[in-house]
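Next up is one chain by itself, shown in structure tokens, the form predicted alone.
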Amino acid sequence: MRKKTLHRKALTIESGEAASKGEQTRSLILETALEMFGERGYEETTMRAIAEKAGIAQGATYYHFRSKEHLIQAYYERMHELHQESCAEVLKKERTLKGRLFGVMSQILDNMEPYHQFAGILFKTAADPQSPLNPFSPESEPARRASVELFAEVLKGARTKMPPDLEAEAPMLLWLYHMGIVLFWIHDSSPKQRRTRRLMERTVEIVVRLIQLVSLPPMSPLRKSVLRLLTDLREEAS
């Protein structure tokens, strides 16, 4: 599958689909911001500087994005759109859970590759539990929910059958697994993050086997205990 980048998705106009001037301006602002965040860092980059480099009035910049936080949330949303588009083919063809999960995780890593340096800089801010850029924050909830829905689609089209209680929680659990892989990827200094690829390839099989194992009737008490713990933790956090 041909690899696409966020930049191409943001700025390329498909034949016969002329983007509006507002959409082009919004994409230009976002791409300029991501470039400057990578060069200067998130905290050191101002909305004024982004507007100047993009050649856009500062007021127009604030019209499209009320703050730097909104720029990052737009980045999260755009990346998810790219993931959905690039994963469509594998989800259409593949019917095994292992194949579907491996295909989606591989494509996510492909999509993120051009933004490895930027992701490391962003992590300095996003790792703060109080930051609105934290993937677990209320502000990130729309992007988080959309990502969880992608993993729900991974499970939905697979031949693997799960008990209802596990089926309800599995999309969120797969999202958490994916976040662990992303965190490893951020800190991976190997060429083209090859260690992350190996980790993903080996753990996908482990994850699938665990799902199959805990779906067995003898494992029901343990499974229910673990899922109840997750429910309790979620309720305490709300």
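Keep in mind it's a predicted model, so treat the numbers as computed, not measured. Numbers follow the displayed sequence, beginning with 1.
In what follows, reference is made to the form predicted in complex with another copy of the chain, a form of this protein that is not presented.
Proximity to another copy of the chain in the predicted bound form, taken as heavy atoms within 4.5 Å, picks out 206 to 214 from the listed stretches 165 to 173, 57 to 65, 206 to 214, 28 to 36.
Put simply, of Arg195, Arg40, Arg48, His70 only one has a heavy atom within 4.5 Å of another copy of the chain in the predicted bound form, and it is Arg195. Mapping the unseen interface onto this chain, Ser20 falls outside it, with no heavy atom inside 4.5 Å of another copy of the chain in the predicted bound form. At least one heavy atom of His187 is located within 4.5 Å of another copy of the chain in the predicted bound form. Put simply, Asn134 is close to another copy of the chain in the predicted bound form: some heavy atom of it is within 4.5 Å. Remark: Glu77 does not count among the residues lining another copy of the chain in the predicted bound form, judged by a heavy atom distance of 4.5 Å or less. Along 39 to 58, no residue reaches a heavy atom to within 4.5 Å of another copy of the chain in the predicted bound form.
In comparison with the shown form, the Cα-Cα distance of Ser189 and Glu43 decreases by at least 3 angstroms in the predicted bound form.
Between Glu44 and Gln193, the Cα distance is smaller in the predicted bound form than in this structure, by no less than 3 angstroms.
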